[in-house]
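The data below hold one chain only, encoded as structure tokens and taken in the form predicted on its own.
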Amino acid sequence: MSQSNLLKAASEGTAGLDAVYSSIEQYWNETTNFSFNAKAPIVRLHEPSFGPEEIMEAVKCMLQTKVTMGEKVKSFEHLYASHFGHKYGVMNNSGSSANLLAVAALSNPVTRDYLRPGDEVIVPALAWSTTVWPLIQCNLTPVVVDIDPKTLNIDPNEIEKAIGPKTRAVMIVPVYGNPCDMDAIVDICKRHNLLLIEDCCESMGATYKGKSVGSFGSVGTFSFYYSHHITTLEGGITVTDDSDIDDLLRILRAHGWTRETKDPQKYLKQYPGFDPRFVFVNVGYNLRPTELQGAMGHVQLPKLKGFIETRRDNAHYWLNEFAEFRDLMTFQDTTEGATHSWFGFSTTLSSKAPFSVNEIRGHLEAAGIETRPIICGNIAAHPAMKLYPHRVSGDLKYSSAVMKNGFSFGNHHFVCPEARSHISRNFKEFMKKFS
């Protein structure tokens, strides 16, 4: 099919597009197979959650030459926010950018009671680097505190202990899809007049007492990275219920201009005489997603429920299978009142374990079971932190234990009963050496 015919089919919705899809589907089915193969077993940390449907939506955008951020992104933002009960969602090019936008908006002079340089923000030690880097990039001071070893989440008692005269905010991470103790954290923030930021990049679909994570603070963030619950390859979204913050997020996302705000005319009335397409009212980045990503998001979101159900089923299976080993290792407990979305399955060896984390990881890897550290361990121990002002509250012993003795393996939609049995069998095979 020639390029001109493809474009004609795309613009007119003719049978030509069906032919394109059929070709994509046929090629995909002939060349890809991510199902578990018992004869050559491998369980990766993740497999792609997209397929011919998502590829076709991206192809349509390219055939129509509508590739830069536009209506697909806008409609996906509304769809995503509505699905999880947020008033507004601002899609961007990564979960890390979602964190940057969230912190930058709360640190901007147009925001009421904005965070100022030198203000402290309490964060968990068990976090990803881009939970902390936006704080440093916005001239804020991270205050690193320890976790609850049972849930792996930030310990509310440690938050309380860390609050000082410069503390202005708390940034939490529901680890691996396990919601934090939101009653306690919201109470602390209210009593001490602290802003709450929720980095939920690993926690899509998780809820606390029926309410979606990311809905409790001023802003929440989620990721659509390739290995996350759903994907737009790269991509993220920053959510809020505050109309002014929503506008500011859109301004900061794209150059500092007003083009994507809810009411650009509001700014034109304040500053007449400018070309309405190019009115710059604040600083800004270029963190825009593409139309291809917005189109993929439309196809992925309806699949999320099924993906999470598989993850939960797998996690409950392993928790039951490995219960006999709880004297030698701990597994993540779901927070009371929460619904876990199980980004991965993790374990941390106890001091009683007669083997090292490298030994058990090596055994699993030799059996084709990929493993990795839990997030990045204790972020305060990483070399980059030495370069920038920060404060550590407490000894961080539990986060350090996770860094030294913790690991996780894949728990995703392609981990079928045969694959999870393969993991269980090899896990138990290793443990028999020490029974």
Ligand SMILES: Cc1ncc(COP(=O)(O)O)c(C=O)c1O
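Heads up: residue numbers just count along the shown sequence, starting at 1. Since the structure is predicted, the reported quantities are computational estimates derived from the model, not experimental observations.
Here the subject shifts to the form predicted in complex with this ligand, a form of this protein not shown in this document.
- Proximity to this ligand in the model of the complex, defined as a heavy atom within 4.5 Å, holds among 77, 291, 247, 202 only for 202.
- Checking 347, 131, 240, 341 for any heavy atom within 4.5 Å of this ligand in the model of the complex turns up a single hit: 131.
- Proximity of residue 332 to this ligand in the model of the complex: non-hydrogen atoms within 4.5 Å are absent; the residue sits far from the partner.
- Although the partner is absent here, residue 173 is a contact residue: one of its heavy atoms lies within 4.5 angstroms of this ligand in the model of the complex.
- Contact check for residue 253: no non-hydrogen atom falls within 4.5 Å of this ligand in the model of the complex.
- For the chain shown alone, residue 223 is a contact residue for this ligand in the model of the complex, at least one non-hydrogen atom being within 4.5 angstroms.
- The stretch from 256-264, 95-103, 115-123, 148-156 that comes within 4.5 Å of this ligand in the model of the complex, counting heavy atoms only, is 95-103.
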